[in-house]
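Take a look at this single chain, the form predicted alone, given in structure tokens.
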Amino acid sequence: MKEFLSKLIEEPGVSGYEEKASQYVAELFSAYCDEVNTDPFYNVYGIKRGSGQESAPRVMVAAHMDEIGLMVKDIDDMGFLRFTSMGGVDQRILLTQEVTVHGKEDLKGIVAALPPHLLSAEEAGKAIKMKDLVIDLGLPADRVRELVEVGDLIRFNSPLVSMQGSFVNGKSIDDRAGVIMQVALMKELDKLKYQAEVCCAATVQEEVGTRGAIIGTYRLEPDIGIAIDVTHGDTPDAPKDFTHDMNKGIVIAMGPNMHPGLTQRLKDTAKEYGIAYQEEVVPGMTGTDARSMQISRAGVPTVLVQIPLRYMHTTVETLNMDHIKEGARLIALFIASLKEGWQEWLTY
């Protein structure tokens, strides 16, 4: 799974432009699914069919593959690029980042600003705003204009790095780790007997409004939805009420976006099989694919499984790979438990 994640985060997939990431995900899914297809927006659907009893549910498992990034909005007289964000980029981390500009060629560049030596004392003490940053490609202005146009995409360069134990860091782990959990889920399902039709949807444009999940839910018409995403891992400066231990299991969300009966069943499954989990209360919209799955068409009873992640929306997002394996096993066992009478869990 670590190798798959490493390769996936190297594939371009800024929100709205996920074609190459979609191609790699479709290739991954094809090794484990009965059927794989892609829609015009580059959502990828991997279908695994269970025993196929008439009363068996269709389960949609969603995780988004799009990533935050940047877009060229101007080229100045010296050939420096001005840019804007695509998704929730943390502008505090932009300065000195290495990037790739996808122009007529892929061009390496750096995010730059005036060095502190050339700033007044007052200016040096202030955070630099995105509008004051530029990207330097190291090329003459005329050559930049030949190769780059307004609207070209910009990605961060930050490959997956193995840390101590089972920890890794890199860019776009939110939520490509969730897509890799889908692959791990497919492998887990191959060990089990289950009745449901399982539709793993690697969705697009989550970072700009969970749009891929809306499209996918309309297409698949599931009976049950399972969203996989990340939540905040513990850090020294973060409030304990909003963060979760990086070593104590995946996080099951509770709140109006999640179906109470199915959420309880998910927790009961974890307890039955000795799978560690944590809980998070989300009193409003979750900001994940779960929110769009729940209210699409006539509504879909949905649960949300989350992976603790440190430094979200930066180029050093940090994750415990053990949670991918544990989360996949829990979801697989939950799906296998959807036998005759599963509809009763929808009333409470």
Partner chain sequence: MKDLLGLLTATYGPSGNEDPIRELIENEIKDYVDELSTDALGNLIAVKKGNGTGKKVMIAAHMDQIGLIVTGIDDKGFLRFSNIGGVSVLNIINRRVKFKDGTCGVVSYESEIDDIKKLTLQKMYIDIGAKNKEEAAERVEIGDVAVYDAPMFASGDRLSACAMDNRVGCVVAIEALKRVKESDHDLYFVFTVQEELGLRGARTSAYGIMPDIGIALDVTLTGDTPNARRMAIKLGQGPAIKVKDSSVISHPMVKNLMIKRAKEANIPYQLEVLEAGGTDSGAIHLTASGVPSGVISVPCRYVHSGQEMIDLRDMMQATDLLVAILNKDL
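Positions refer to the first chain, counted from 1. Please read these numbers as outputs of a predicted model, since none were measured by experiment.
Although it is not shown, the form predicted together with the partner chain is what the next lines describe.
Contact of Pro283 with the partner chain in the model of the complex (heavy atom, 4.5 Å): No, no contact at 4.5 Å.
Interface membership of Asp106, the partner chain in the model of the complex, 4.5 Å heavy atom rule: Asp106 lies outside the contact set for the partner chain.
Partner contact for Thr84 in the model of the complex: the partner chain, 4.5 angstroms, heavy atom: Heavy-atom contact with the partner chain at 4.5 Å: present for Thr84.
Residue contact check: Thr263 to the partner chain in the model of the complex, 4.5 Å heavy atom: The answer is no: Thr263 has no heavy atom within 4.5 Å of the partner chain.
Residue stretch of 95-103, 254-262, 160-168, 74-82 approaching the partner chain in the model of the complex, non-hydrogen atom distance within 4.5 Å: Among the listed stretches, the partner-contacting one is 74-82.
Contact residue in the model of the complex, from Ala238, Leu192, Ala141, Val150 (heavy atom within 4.5 Å of the partner chain): Only one listed residue qualifies here, and that residue is Val150.
Candidate from Ala113, Met246, Ile215, Ala270 lying within 4.5 Å of the partner chain in the model of the complex - any heavy atom: Contact residue from the list: Ile215.
Sequence-ordered list of residues in 1-38 near the partner chain in the model of the complex, where near means a heavy atom within 4.5 Å: Residues within 4.5 Å: Ser15, Gly16, Tyr17.
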